[in-house]
Each structure stands twice: as structure tokens, then as C-alpha cells.
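Just one chain follows, in the form predicted alone, and it is written as C-alpha cells.
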Amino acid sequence: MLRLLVSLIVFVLFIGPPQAQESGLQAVLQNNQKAVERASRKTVDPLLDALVASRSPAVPQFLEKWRAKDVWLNQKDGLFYYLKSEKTDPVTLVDIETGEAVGTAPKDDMKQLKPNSGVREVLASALVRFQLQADDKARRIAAVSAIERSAEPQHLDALRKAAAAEADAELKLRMDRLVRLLAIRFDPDPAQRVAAIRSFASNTAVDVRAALNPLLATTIVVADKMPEGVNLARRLTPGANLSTEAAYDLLVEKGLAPAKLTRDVRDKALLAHLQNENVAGIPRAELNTEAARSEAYALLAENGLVPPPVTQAEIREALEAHVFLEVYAESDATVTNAARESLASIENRVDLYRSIDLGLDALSLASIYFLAAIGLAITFGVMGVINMAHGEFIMIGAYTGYVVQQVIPDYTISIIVALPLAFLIAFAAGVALERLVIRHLVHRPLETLLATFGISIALQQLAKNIFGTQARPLTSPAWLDGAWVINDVISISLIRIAIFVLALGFLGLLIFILTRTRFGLEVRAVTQNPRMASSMGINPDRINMLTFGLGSGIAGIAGVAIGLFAKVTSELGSAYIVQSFMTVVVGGVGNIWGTLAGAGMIGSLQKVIEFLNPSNTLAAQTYMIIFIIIFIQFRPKGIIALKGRAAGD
């Protein structure tokens, strides 16, 4: 036992303990010191493998420092350090594993490691590999994001290995997708590229199209005969799919034909041969026309003093002696064929998605027009009143929402409060207008139109006096911010969706009121035949008042909804009054379903015209009005005509 103890002490004193840092960063660098000092593309790979095997958490930082030329070798003790500052002497040494200062050394003892550009490129790739294989998921995600922003060929293999070993399912899908995108650009195997291209045949993402489009980039090539081994896109024929001027300019650019005589070249040649105020025997004073200058140049050419101008016959001969080709920059035909097929499939899907997106926009606009017009449809249908102040009830609702938000800062609660309050205020304003003005002008449509038009102007001026001319903000709640994004083509804002839901809610509510309540029965009776309704004990005057108030109140709610995405000004309502009247007239006066159909028709028509002519919205309005005028000629009672005795009034 004593002998064993003595042997152990001798081993510790003379041989030393097991190296604690044998697998550490410094130990790996010591074992590969020459590979670090004299790094090259050939010698750096074994070193990187050893660094990976060490599993040291300090390796990524070392690679970053080494690539940035911030690693130093102490020539006295042979260890590698970072420096706290290069400008001091002695310099402060920083341990490459702990990052802590471990002493000082004379600056002359320190040797800076300066890897060349090839080694730095390898280090950058290795650094990505370390980041992709990091234990911290956030670092792996950051590495993938960095590759997505700026991909390089060396990232492909590292990403493939990382994707194969990735445990997180969501991140693995993202890595696999990025591998396929990089394979399209960088994989040396055409079969792998074709497989990656075809895997995206139904994907409309922008980054996919950005990866595929460069594969079909072409250049125009000219040669004296058909070249071999080129990936031909198509053959070009001067005068058909390639202009003769462009074709000949290409020949001149390639040095295959003499340049055409330009005016500048001609005039410079004449000046160069000006002698005694004459050029080829022609006095300088006579060279004041293009014909005279061309004649002088021709005389110089006959004497062999200048190159003769190229004739049309020579141009035709030069063009016929060469072939013009449009050649893919990508040399492999299987790759370009796959890219062309995939892009064609993608474009078909994009067109389909654009149509769907246009339909959603039209549906959204139709819901706005429905909300703005339904109140007008009710009053117009029941009372036959052309209310030009209807837009101002929309404005009243929008300003009500603004005032409520000044009192209640919580946007969600303020909108919930503003909707019923806007209805009540607009309802009261509508009842007041009906009692004070409208009922005194029954069966006098021209006077009603003029009176309500004047009230419209008065209400706009009153709003300017109270709130000023500056637009007021009506802010939507945070949960209505953003958009519902289905893919890179189809998206619709959440506010538009909320307005669509609100319009559907009001449609259901109005149908319930008009078909399931006594008030609705009385409204329909007055609409169909006011005299008969009066003889049955219904008070048409009361129904007119309540109906006008109801229509005005709905306009107030529409104002809150519209104010969430439009500017709240005194002119807010006037921007929707024309569309509201068109919606009512086209759909069918006094019919809810007709108003819905009219809103859908006008919203769709406006969006289609704007899509065909996006740079001129005024033209869209003009074309839409012309179409509606023509439509009314063939169907004067609207899409869904009113039935009953009142239909003939």
C-alpha cells in the first residue's frame, strides 16, 4: 500500500495530472499550432473538424475573432490570446476561453494572425455551421435568418447537415425549405436542382419566384454559324423578333461589322480634312446643309481619305452572314425547362389568387357601400324622399366616434360605446330633420331635394365650426391592426373584415325587424300602399318619422365603421352619397336584398375598373356611372324591383 502511494505521488510530481484542457479550445489550438499560424484552404479543414469535436462553447467567438484578424500568438509561451487593446504596450492578454484578462505582455512578443481571403471564406462557412448546430434555438434561428438574407454557396452543405439533425419540427421545415431554395442556385448536381425547382411548382412566394426567374435570364449571342453546347432559348431573326438596327449594332459591338456612319463621325472627318477653307474641293461656306456635308464625305471616301459609309446592301449581307440567338445564362437545359414549367404553374396560381384577392376587395367595398346605403334605401323606399343630407349622418357618426375616443382612451371600449351612441345621435338628428322639414314637403320631391341639399351644406359648415377643417383621427383597436394574410398575393385588412361582419349583422337585424316585428309589418304596409295601411289603423306619419330615424341611425353606425379607415372630416359623407344613391337605384328602391345586390354590383364594378386602369381612379368613377346609366335604361326598377301597388308609383 505504501509503495502504491509513493508511485502515485511520483506520477503527479514528475508526469503531471491529466490535462484538464485536453479537449478545450486552447488545447486544440496547441495541437494544431502550425495549421493556425500558416492557415490555408488545405490545412484549415482538419483544424475545423477538431474544433467541432471539442464542443467548446468558445469556438464560435474564436472563429469570428480569427476571421476579423483579432487573434494573437504569444511567441514566448506559445499560447493564443485576444488583446484588450492593440494600442497599449505592454498589451493586456485576454483568455480565448473565459474572455477574462489574464496578464500582460510586451507588444513585440505578440504575433497577429492574418488569415487570407480564402481562409476567411472557409471560416465564415464554418461559423455558420457552428451557429446552425448550436444548442440555443435562438442562435439557430438567427443563423437561418442570416442565410435567408444573404446566402452563399458554402452555406448549402452546412444547412443540409443542420436540417437533417434539427429536432424542432417548425425550424426543420424552415431549414428544409431554405435548403431547396439554395439548391436551386448553388447545387452542382442538376438532378438535385431540378427536384428542388419542381418542389416549388405550386408555391407563389416571392422568394421562390426570385430564385427561379434568374434561371431563365437570357443574353443575345451572335455567331457566324450555329454554336454547339449552348442552352438555346430561341433563334432571333433580324426584322422579325429582333430589329435590324439592334442586330447590326450587336455585330458592330462584337467587331464583326464596320460601324455605321454617324453625323458626329462625319463632321469630325470633314474638319480633319479641312484645307484652305475647302473640303474635297467644296468651300466651307457651302457645307451648311446635311446634303452638302454628305456629298463632301463621299468625295473624301472616293479618294480613299476616309472609310466609305456602310450601305444598306452591306448591312443586309452582314446580317445574313451571321446567326442571332437568345441563350440562357443557365447552361443546363433540364434546369431551365423545369424552371419554365414551374414558373408557368406559379403564374397560373398567381392569376387565380389575384382574382380571389380582387373579389375580396370588391366584397369589402360592397359591405361599406351596403352600410352607407341601407339607411337611405329604407327612407327612400318608404317615404320616396331624396335625402341629400344622408351623407352628413355618416359624418355625424364618424365624429361621434372621435369624440368618444377623446373621453374613453381605451380604443376597444370606445368603439363599443361609440356604435350605439352614434346610432342614437344620428337617429335623433334624423327624427328632427323629418319633423322640422321632410314631413312638410311630402310628395314634393324637388323641394325635398333642394331642402336636404341645403341642410347638407349647413351640417358640413357646422362640423367645420366645431371640429375645424383638419382631419380627425378615429383609431381602431390594436386587434384590428394588420391584415389577414393568406399568402403572398391574397390579404385583406382586419378592419375591412370587421366592417363586412358588421354589414352582415345589420343585414340579419334588418331582415328580422322587417319580417318578424310589428314595426316591420307596418313599414312594409306603408311601403306597399300608404292609403290602405292608414285605413287599417297604421299611422303613416309616425312610421315615416321612425323609418327616417332608423335609416339615419344606421348611417351613423356606418360613419363609425368608415371612420376607422377613412379621414374624419366634414366632407366624409359627401364622398359616399353618390355611391349610396347608385346602390339604391341599381339594386331596387326600398328593397334590402336589392340594396345588397346593388352594393355588390357597384363594389365589384368599381374594383374591376380600378384593376384595369389603376392609375386613374377618376376614370373608374366615370366609367362606373356610364355603365349604371346604361343599366338603368334596360332595367329602370333595379335588380330586384319593388312588388305591389307601390311599384307602379
Partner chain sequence: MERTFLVRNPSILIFIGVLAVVTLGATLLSEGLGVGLLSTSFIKTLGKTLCLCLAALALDLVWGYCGILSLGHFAFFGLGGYMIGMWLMYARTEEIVSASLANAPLPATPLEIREAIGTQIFGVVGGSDIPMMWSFADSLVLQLLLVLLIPGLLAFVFGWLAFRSRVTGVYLSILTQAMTLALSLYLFQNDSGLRGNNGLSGLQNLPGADDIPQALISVWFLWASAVSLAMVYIISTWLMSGKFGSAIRAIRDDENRLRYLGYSVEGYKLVVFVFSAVITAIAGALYYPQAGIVNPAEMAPIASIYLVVWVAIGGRGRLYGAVIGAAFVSLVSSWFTGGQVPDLNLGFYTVKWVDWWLVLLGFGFVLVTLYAPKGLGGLVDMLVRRKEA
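All values reported here derive from a predicted model rather than from experimental measurement. Heads up, when I say rigid core I mean the largest set of C-alphas that superpose within 1.5 Å between the two forms. Numbering follows the first chain given and starts at 1.
Note that the form predicted together with its partner chain isn't included here; everything after this is about it.
Heavy atoms within 4.5 Å of its partner chain in the predicted complex map, among the stretches 34-42, 47-55, 579-587, 601-609, onto 579-587 alone. Between its partner chain and the residues 275, 289, 85, 98, the one pair within 4.5 Å by heavy atoms in the predicted complex involves 289. Site annotation in the predicted complex: the residue of 293, 177, 140, 472 reaching within 4.5 Å of its partner chain with a heavy atom is 293. Residue 315 falls outside the set of residues with a heavy atom inside 4.5 Å of its partner chain in the predicted complex. In the predicted complex, its partner chain stays beyond 4.5 Å of every heavy atom belonging to residue 216. Under a 4.5 angstroms non-hydrogen atom cutoff, its partner chain in the predicted complex has residue 453 among its neighbouring residues. Though the partner is left out of this view, residue 407 does not reach within 4.5 Å of its partner chain in the predicted complex, counting heavy atoms only. Contacts with its partner chain in the predicted complex, taken as any heavy atom within 4.5 Å, map within 417-442 to 436, 437, 440, 441. The Cα position of residue 427 differs by less than 2 Å between the shown form and the other one after fitting on the rigid core. Core-superposed comparison between the shown form and the other one: the C-alpha position of residue 294 differs by no less than 2 Å. Annotation: Cα of residue 262 displaced by at least 2 Å between the shown form and the other one, core superposition.
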